[in-house]
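So this first bit is one chain, no partners, the form predicted alone, shown in structure tokens.
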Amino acid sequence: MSEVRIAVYVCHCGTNIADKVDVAGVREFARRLPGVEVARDYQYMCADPGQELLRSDIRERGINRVVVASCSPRMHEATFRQVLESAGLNGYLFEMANIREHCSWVTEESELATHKARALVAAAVKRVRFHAPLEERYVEVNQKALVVGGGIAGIEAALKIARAGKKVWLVERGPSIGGKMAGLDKTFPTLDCSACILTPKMVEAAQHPKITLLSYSEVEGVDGYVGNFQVTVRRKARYVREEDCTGCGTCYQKCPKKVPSEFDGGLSHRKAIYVPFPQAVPNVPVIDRSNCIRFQTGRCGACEKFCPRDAVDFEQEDEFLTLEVGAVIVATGYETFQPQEAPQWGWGRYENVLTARQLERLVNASGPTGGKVLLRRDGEFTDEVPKSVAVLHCIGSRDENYYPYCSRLCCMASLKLAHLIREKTGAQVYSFYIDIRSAGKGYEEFYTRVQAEGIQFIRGKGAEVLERDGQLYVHAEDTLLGAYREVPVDMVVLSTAVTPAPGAERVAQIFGIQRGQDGFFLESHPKLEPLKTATEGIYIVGCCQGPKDIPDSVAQGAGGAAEVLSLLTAGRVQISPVVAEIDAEACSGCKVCVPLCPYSAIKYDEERGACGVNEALCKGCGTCVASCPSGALSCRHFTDEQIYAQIEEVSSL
């Protein structure tokens, strides 16, 4: 090994570090460590002057190893590696000591924080002596993209990518794209028609020459790596040939079987062959095999008999496609809290207790009542209009018994529904809330407007809904009056929590996406990389990442498209050299590492009788290295020599 000349830089990070750590003391301590030629402290090492200081020392003092003691490597390790490269030094001859998150932010006593900072710096100096130059690698990027989920976020992402001239596959597991937005009547705060602004985008997505729409389809598996993914998609049998169907509707008009409509929240019925809503794209029916008389008994077949284009095909089977793409956007949306899990609110027991989504269908012109808000009796809608309605906020949200987080869009959705109920019925509307959260452009103004319309706001969460003699009663503690209230109403609307979509766990496993404690997909960094995931080349947008309204979902869809286009137009992608490697002679072929690899980067080679690593897939996590019983596996940049040196030094002080 050539002579090691180490430079150590201790960052103040304003007062983030210097407020607790004696920075000057750590600098002087570092100056006395073996191999250290330069030791400095500076206010902000990540700023341009700090970076220039580092470059100058490398060029003028012959520095060939660098240690920066500052914040998390996740924040600025890449920054400092680039600085080394710009000064002519390999970026991997660098080590970062985290004395902010690991010292100053978590240690109250200055003396203890300083002692720990010295230990971490000493460990970094000892470790960096054993660093070796590593070379970045590049792979070519496939110029096609995949968007999974056909809600407004996924549609926006697909359109943005397609308009840039790139090929896109848009996969939607339902019979039509449109997502939850397709079921809305008006959108807050402008009260413009949801279908009027969504339908043109749906049609454009279906007709764009660069977009291939795969509705009623699901992703079954993903192989490959950033820039070169192989995605297996299962196109479920519709039992209707899309290329022959004209959408005339004869088939479902003739179908004798009725079942509750999911799209209308069970408030109406659909046929066993159906399109979910009038503006569906594609406007091609699908046969619900579980309810179809033909599939259950072998009889009927009315849809096939009356179809003027002979488009019905009971022999149709699922089709499997393999798509090769360079990047993937996951926009699988959300679900809402099922209030049958909470009987205290009366949903499922009292027929005039509805969810917000059900009321959205009542006020919609294409809904079961043609846009009228009507009461139900014995399972049927009457002509009776409610004279009083309670809208209960935060049902399942901000509740430690269910979901502790705020669902963000519920307050504004509740205000919108209160306005629509008042507008359509003239009823007295009571809004039971914890806090009104109206943080958005025009949101607070809309809240003020609704207040002026005569909606009665009661600051207290609706705790219970009971029915006596056909009358509903909402029980709540009014925290402004300091009194318990029982309010009689004709109808109750529950604004339920936004929850992860069904199957989110399976989607996470397929795409290698992590999930947070709330079950939503976890981004790489909540502030700096809100769309990236732990799997490079796979991005998350919309409500699969967390609750958000339509404007934020559209913005994230466009942001995800920008991430994908940045990757595709570059033409190639950089692959980290920090990967596992196998000594084939030492490998016993036990295959213990194969199922443990979270990135499926290790395969067993029958001819060699040993395992091998696909370096493009490997992320250098070290799981395989720790599990190898024969010690044949190692990880570049995290060798035993480097790790032991670090451990020995940090534990000796």
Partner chain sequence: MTESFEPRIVGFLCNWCSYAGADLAGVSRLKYPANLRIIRVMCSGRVEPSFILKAFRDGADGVLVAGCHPGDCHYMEGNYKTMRRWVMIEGILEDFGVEKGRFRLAWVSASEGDRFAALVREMVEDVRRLGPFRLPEGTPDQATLAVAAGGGGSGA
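Since we're looking at a predicted model, the values are computed, not measured. Positions refer to the first chain, counted from 1. Rigid core (definition): largest C-alpha set, two forms, superposition within 1.5 Å.
The form predicted in complex with its partner chain exists for this protein as well; it is not shown, and the discussion that follows is about that form.
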**Report entry** in the model of the complex, segment of 511-519, 85-93, 375-383, 162-170 with a heavy atom within 4.5 Å of its partner chain
**Finding:** 511-519
Requested in this report: Taking 4.5 Å between heavy atoms as the contact cutoff, choose which of Phe306, Tyr405, Phe295, Trp105 touches its partner chain in the model of the complex.
Outcome: Trp105
Query raised in the report: Pick from Gly460, Gly367, Pro175, Pro73: which residue has any heavy atom within 4.5 angstroms of its partner chain in the model of the complex?
Result: Pro73
Query raised in the report: Would Cys635 show up as a contact with its partner chain in the model of the complex if we use heavy atoms at 4.5 Å?
Result: yes
Query raised in the report: Would Arg422 count as touching its partner chain in the model of the complex under a 4.5 Å heavy atom rule?
Result: no
Requested in this report: Mark Asp19 yes when one of its heavy atoms lies within 4.5 Å of a heavy atom of its partner chain in the model of the complex, and no otherwise.
Outcome: no
Query raised in the report: Would Gly631 sit within 4.5 Å of its partner chain in the model of the complex, counting heavy atoms only?
Result: yes
Report task. Identify whether its partner chain in the model of the complex is within 4.5 Å of every residue in the set Ala418, Gln451 and Gly454, based on non-hydrogen atoms. Result -> no
Report task. Would you give me the residues of 626-649 that have any heavy atom within 4.5 Å of its partner chain in the model of the complex, in order from first to last? Result -> Ala626, Ser627, Cys628, Pro629, Gly631, Cys635, Phe638, Thr639, Asp640, Ile643, Tyr644, Gln646, Ile647, Glu648
**Report entry** Val592 C-alpha shift between this form and the one not shown of 2 Å or more, rigid core reference
**Finding:** yes
**Report entry** Shift of Cys624 between this form and the one not shown at or above 2 Å (CA, core fit)
**Finding:** yes
Requested in this report: Answer yes if the Cα of Ala39 shifts by 2 angstroms or more between this form and the one not shown on a rigid-core superposition, and no otherwise.
Outcome: no
